[in-house]
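The chain below stands alone and is given in C-alpha cells; this is the form predicted alone.
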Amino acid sequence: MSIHLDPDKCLACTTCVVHCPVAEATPAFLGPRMIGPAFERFRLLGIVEDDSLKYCANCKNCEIACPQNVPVATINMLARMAQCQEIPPSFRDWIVAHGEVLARGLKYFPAWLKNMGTHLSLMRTLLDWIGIHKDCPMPNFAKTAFRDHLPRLSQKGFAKSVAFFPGCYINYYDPGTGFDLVWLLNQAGYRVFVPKDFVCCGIPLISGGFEKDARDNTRTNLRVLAELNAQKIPVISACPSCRLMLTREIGEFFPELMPKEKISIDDAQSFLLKCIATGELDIKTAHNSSVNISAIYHAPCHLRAQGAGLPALELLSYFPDIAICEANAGCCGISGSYGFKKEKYAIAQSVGARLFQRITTSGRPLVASECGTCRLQIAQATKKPATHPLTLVRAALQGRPLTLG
C-alpha cells in the first residue's frame, strides 16, 4: 500500500463503537476500534486478516465521532485493499464497484430495455445468485445520460463558467438533478460544463478493494482538477461521497499522487449560498410564489464526515414556501453499494430502521437528500418520494409545481 496510518492516536475509548451503526446491527462485526486501530497492530506483525473486516460499511460515523480524529474507516479500507491483493474480490464485488464501466458498456441499449432487464424477476433471481440481494433497491437508467444531454442545453451569453463533477449517479440515473443545478447556476450568471475526462471518483472502487482501478481514476481526476484550479475555474459537486473522496480521501489513500497546490471542489449547495450572499443569485421572486413544499431532510453520512455543516438545509431555509425539517436519525444503511450485497442487505435494513421510522411518522410527504443511493434506500423503505434538495430550490425559485420522476 502507498501509506500506513499510525493507529497509536487511538485511546481505546470506544466512542466509535457506540456510534457505529453496523456494530449495533450485527455481532458479526467486531466494531471499528477492534477491526481498525487495534487490529492494525496485528497487521504489522503479518497476522492473517480478520474476516470481520468485510462488514465495515465505510460510512465514516466512527471518524465523525472519534475525539482523536483517528481515520478509522480509512484504516479499514486500506486493509481491505491490501487483503484484496491476496484474495481477489468476487465477480459480484466487481460489478457493484464498477458501475461506471457497466453503464458505459450498456450505453447503446435503450433505457427501457436496461430497466426491464434489471427489474425482471428472472434477472433479480440471477443477481441474487451471484450475491446481489433480490429485494435491494435498483436505480433506473435515464433515457439520456446527463453528460450527453448537457451540450444540447442553451447556455449562451454567460461571462462566467463553472465546472461540474456530476458523479456516476447523476450522470446515469438522475440527470434531472444535474439539469436543476445547471438552471440555478445559469440564473447566477454561470455557464456549466463537464470536462470530458472526468471519471468515477473512485470511492466504490476503494470500498470494493480495487486499488489499481481507484488509483488510475484518481490520476485522471487530479490532472483535470489541477488544470481547472490553475485556470481559476470553480469546480462543484452535488454528491457528498464524490466530494469527500476528491477533497480528502485521495490524500489518505494516495498521498503520493496529490499535487503541491491544494485541490478545491465546492459543495453545490455551498456554492449557491455564496451566489446568494454576493447577489449573483436573486431569490426575491421566490417570496412571491405559492409552491408549498413540505419535506424532511436526511443528511448523508459522507456529508457529515466533511464537517462543513448542512448547506442544503441552510439553502432550503431561504425559501418560505419550503417547509423543511431535519430527520437527524442516523444512517440509511445502504452505504453506497453495501446494502445491495446479499449478506449485508438485512444489516443495511436494520441500520436504516430508525431513520425510516422517523420519516414515516414525520407526516412529511417528501424526502430530500443529496445522496442518490440514500434516496433509493429511503424511497423503497418508506414508500415516499425522495429527491435532491436542488430540485426543491429550483421549484421554489421558479414558482412551479414540483414534479418527480
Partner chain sequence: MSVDRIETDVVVIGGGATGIGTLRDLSLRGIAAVLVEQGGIAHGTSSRFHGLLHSGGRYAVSDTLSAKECIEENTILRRIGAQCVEETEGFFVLLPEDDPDYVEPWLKGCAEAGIQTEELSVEEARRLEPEISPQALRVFRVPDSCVDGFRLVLHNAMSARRHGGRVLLYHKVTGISQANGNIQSVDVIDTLTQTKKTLYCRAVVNAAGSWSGQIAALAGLDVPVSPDKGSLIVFNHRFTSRVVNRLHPGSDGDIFVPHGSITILGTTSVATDRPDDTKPTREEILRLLAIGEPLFPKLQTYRILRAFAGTRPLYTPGNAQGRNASRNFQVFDHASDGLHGFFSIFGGKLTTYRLMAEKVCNAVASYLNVNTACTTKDQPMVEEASAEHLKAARHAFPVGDLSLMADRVGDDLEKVLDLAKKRTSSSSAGNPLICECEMVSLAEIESIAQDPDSHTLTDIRLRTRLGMGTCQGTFCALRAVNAMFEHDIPLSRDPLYELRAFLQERFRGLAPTLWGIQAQEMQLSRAIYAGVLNLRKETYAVKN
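Quantities reported herein were computed from a predicted structural model and do not represent experimental measurements. Residue numbers count along the first chain shown, from 1.
The form predicted together with its partner chain exists for this protein as well; it is not shown, and the discussion that follows is about that form.
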Exercise for the section: Just one of 38 to 46, 57 to 65, 367 to 375, 348 to 356 has residues with a heavy atom within 4.5 Å of its partner chain in the model of the complex, so point it out. Expected result: 38 to 46
Fill in the blank from the handout: Only hit among Ala381, Ala25, Cys10, Leu397 for heavy atom within 4.5 Å of its partner chain in the model of the complex is Cys10
Handout entry: Heavy atom of Leu53 within 4.5 Å of its partner chain in the model of the complex
Key = no
Exercise for the section: With heavy atoms only and a cut-off of 4.5 Å, decide whether Lys344 touches its partner chain in the model of the complex. Expected result: no
